[in-house]
Ligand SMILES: Cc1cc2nc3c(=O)[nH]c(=O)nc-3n(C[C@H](O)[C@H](O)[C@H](O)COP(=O)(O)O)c2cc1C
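Next up is one chain by itself, shown in structure tokens, the form predicted alone.
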């Protein structure tokens, strides 16, 4: 029934058994609970899991590939996915938050005087000055570290890496944040240099490794997203990234705005529809022959199959839907669509759980516990 969705795909050098990927997601769960959640998602039949926010520097936020404990954690994740017949990808990133500069706000957060939304707004306000003021020597250290981190990820068992095109790559790419006057700022080509060097660093160390790129696209008229690349700049960015070694594109809306824009609920004023970011895939499709992955509000198998048949994308990435029902792929392929716990994009326990530090959950978990 879903011939394209169920079919294998050469995704930039690796073979996906079907067209379904678990999108990179900050779960905020205790380790064992997170491992169990990812085990369930892998067992549910998706082709690949992307592990979000793997730091490229030794002292980045989150588990580190550079120390024994962090490396063992990533090895556990890779082994867990592989045991269920699922591939695994490491999303490499460098934060663009000035954590030292944010220390003065910690007492206000702890006292409840600064909300999570307010803190996020403050963080975003500080991105531009921070990345615009980074010394070139530090910039070179960061872009070079992408190659080192990729080597460690492969040693830990990852099948692919994704370069996080938001975070620092996205802030360097953006004319909103990047006001540098050196070779990393100014023209579209210069603003692309950070991302290009990050990809080139990986390619120089691992010539055969598939490299996915999370392509963060921002909008004007109406304005959504602050990092990333304007649609009209994609014609410059994409060829440069391809030449550097990117083998596929994961296309989404740029971040550094409201989280409810990049994780939009069904009542979002602009991104409420099914497949809400597909318009960006349409633009990217016209500029590259590399595989394109769509993400954003994809829950209905019939709709997904129709868009795949139309060639708007080669595969899909899901987060909230696979959290709502890890068995979505298996149920779809077995003709059991009526049994699916459909994500209603309410954002109550997923985004809401993350923002309240309870971890990412789903309203269906509450129903199951009754």
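Residue numbers count along the first chain shown, from 1. Since this is a predicted model, take the numbers as computed values, not measurements.
Omitted here: the form predicted together with the named molecule. The next part is about that form.
A.B. asks: Is residue 263 close enough to touch the named molecule in the predicted bound form, meaning at least one heavy atom pair within 4.5 Å?
C.D. replies: Yes - in the predicted bound form, heavy atoms of residue 263 and the named molecule come within 4.5 Å of each other.
A.B. asks: Though only this chain appears here, would residue 36 touch the named molecule in the predicted bound form if you measure heavy atom gaps against 4.5 Å?
C.D. replies: It does not: once the named molecule is placed as it appears in the predicted bound form, residue 36 has no heavy atom within 4.5 Å of it.
A.B. asks: Verify the contact flag for residue 256: yes if a non-hydrogen atom of it lies within 4.5 Å of a non-hydrogen atom of the named molecule in the predicted bound form, no if not.
C.D. replies: Answer no; every heavy atom of residue 256 is more than 4.5 Å from the named molecule in the predicted bound form.
A.B. asks: Please tell me whether any heavy atom belonging to residue 228 falls inside 4.5 Å of a heavy atom of the named molecule, as the geometry stands in the predicted bound form.
C.D. replies: Residue-level check for residue 228: no, no contact with the named molecule.
A.B. asks: Can you pick the one in 173, 94, 91, 143 that has a heavy atom within 4.5 Å of the named molecule in the predicted bound form?
C.D. replies: It is 91 that has a heavy atom within 4.5 Å of the partner.
A.B. asks: Between the options 199, 86, 149, 295, which residue brings a heavy atom to within 4.5 Å of the named molecule in the predicted bound form?
C.D. replies: Exactly one listed residue reaches within 4.5 Å, namely 295.
A.B. asks: Heavy atoms within 4.5 Å of the named molecule in the predicted bound form: which of the stretches 51 to 59, 64 to 72, 329 to 337, 302 to 310 has them?
C.D. replies: Among the listed stretches, the partner-contacting one is 51 to 59.
A.B. asks: Are there residues in 304 to 330 with a heavy atom within 4.5 Å of the named molecule in the predicted bound form, and which are they, in order?
C.D. replies: The stretch touches the partner through 317, 318, 319, 320.
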